[in-house]
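Next up: just one chain, as structure tokens, the form predicted on its own.
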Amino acid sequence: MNYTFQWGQVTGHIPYLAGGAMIALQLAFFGFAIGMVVGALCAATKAYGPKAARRLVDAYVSFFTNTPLLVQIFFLYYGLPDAGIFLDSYQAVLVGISLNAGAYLTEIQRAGFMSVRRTELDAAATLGFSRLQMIRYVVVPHLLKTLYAPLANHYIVMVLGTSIAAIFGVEELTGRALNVNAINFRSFEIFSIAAGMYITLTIAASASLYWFGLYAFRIKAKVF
């Protein structure tokens, strides 16, 4: 093996790569937040909604959990313009990961809704709680304690999954690593640093989620 490592040609690009890492976190955060809202609405519909609405949610979940995220974003980026709907690369990726996350988070949150004990709801009704009070004081605290760890894990997976955005020209961490590699062709060095940054991101996000859960909800859950 005659390969000569030349880290000096790559280390100068670390601030540029770090900017891409921030874009990756941004994509994951907004995608997860939107997916949580979509998932909560769909989960509530599956748990308590009318039959027709439940079937629509089932179709949505089935489609997005049984097709690759890459195909879904290709459809949004290249297919929708044929219908007169134009999204730039960042928007297409964000919409794609949000809808995909929403489908998976629907199932996660539905499991949480179904795990609420009927006796707890009956007790709240006996005490004169309104529907909103039941949700606030009974359902939501139960969901937070039950679902925090799987939801946090899904967020970590989404952080890593943002690398798919590079295919569409979004300059997140992987996209910027490809740009640097196209300049100096030091593939081993540049992707080693990118991999190290991803490891740092996941460890930092995992630690943050652990301490947030501990202090905000008193949940001692291993996130990652």
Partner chain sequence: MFLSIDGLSAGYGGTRVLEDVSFSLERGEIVSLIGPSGSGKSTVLRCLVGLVPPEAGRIALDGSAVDYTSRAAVRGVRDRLAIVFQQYNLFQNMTALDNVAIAPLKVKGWPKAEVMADAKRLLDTVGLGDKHGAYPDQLSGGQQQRVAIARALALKPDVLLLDEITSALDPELVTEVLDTIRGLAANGMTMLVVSHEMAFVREVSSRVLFMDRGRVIETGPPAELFDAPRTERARDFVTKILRH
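Numbering follows the first chain given and starts at 1. The model shown is predicted, which means the values in this text are computed figures rather than measured ones. Take the two forms, find the largest set of C-alpha atoms that superpose within 1.5 Å, and that set is the rigid core.
Absent from the display: the form predicted together with its partner chain. The rest refers to it.
In the predicted bound form, L127 approaches its partner chain with a heavy atom inside 4.5 Å.
Not displayed here, its partner chain is kept clear of A111 by more than 4.5 Å at the level of heavy atoms in the predicted bound form. At the 4.5 Å threshold, heavy atoms of Q91 stay clear of its partner chain in the predicted bound form, well away from it.
Residue contact check for S115: none of its heavy atoms lie within 4.5 Å of its partner chain in the predicted bound form.
Across the proposed site, T11, G19 and A21 without exception lack any heavy atom within 4.5 Å of its partner chain in the predicted bound form. A heavy atom within 4.5 Å of its partner chain in the predicted bound form is found for one listed residue only; from L87, L147, V138, L99, this is V138.
Annotation for 108-122: interface residues with its partner chain in the predicted bound form are R117, T119, E120, D122 [heavy atom within 4.5 Å]. Relative to the superposed core, V95 undergoes a C-alpha shift smaller than 2 Å between the shown form and the other one. With a cut-off of 2 Å and the rigid core superposed, V138 has a Cα displacement that reaches or exceeds the cut-off between the shown form and the other one.
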